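Shown below, as structure tokens, is a lone chain in the form predicted alone; questions about how it binds or moves come after it.
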């Protein structure tokens, strides 16, 4: 019972453990891949605004998988991210939009405009 209450305040302890495990995997990458993965992770954390822990962990895990596989295969970093790392990051992020806080605000905006325009089914 106490664990459930604590997790309500602090978030999932299992997710925190998974996050730390992912960070450890990144730390074991060769230096150049680690630097690139860390930079992308930082950008995605700021740009993505993901509020769902499971979505965030899946995204970071997929990014780490990509860099682990690329390092093992000897794939150059530019072959991974291309000439525009921002475009790569934002394209990568589009696969994980389900966890973004902005989705709730988009839905709220659409409902408010529908209601204001009389498109919500209510007579005006």
Partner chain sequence: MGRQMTEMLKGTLEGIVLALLTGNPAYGYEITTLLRGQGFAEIAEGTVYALLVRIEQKGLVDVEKRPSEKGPPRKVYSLNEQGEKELDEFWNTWSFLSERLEQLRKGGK
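Residue numbers count along the first chain shown, from 1. Model, not experiment: these values are computed from the prediction.
Heads up, the form predicted in complex with its partner chain isn't pictured, but that's what we're talking about next.
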query	finding
In the predicted complex, the one of 36, 26, 66, 56 near its partner chain [non-hydrogen atom within 4.5 angstroms]	66
Contact label in the predicted complex: residue 32 to its partner chain, heavy atom within 4.5 Å	no
Its partner chain contact at residue 79 in the predicted complex, heavy atom, 4.5 Å	yes
Its partner chain contact in the predicted complex: residue 91, any heavy atom under 4.5 Å	yes
Close approach of residue 49 to its partner chain in the predicted complex, 4.5 Å, heavy atom	no
Interface residues of 25-54 toward its partner chain, as seen in the predicted complex [heavy atoms, 4.5 Å]	none
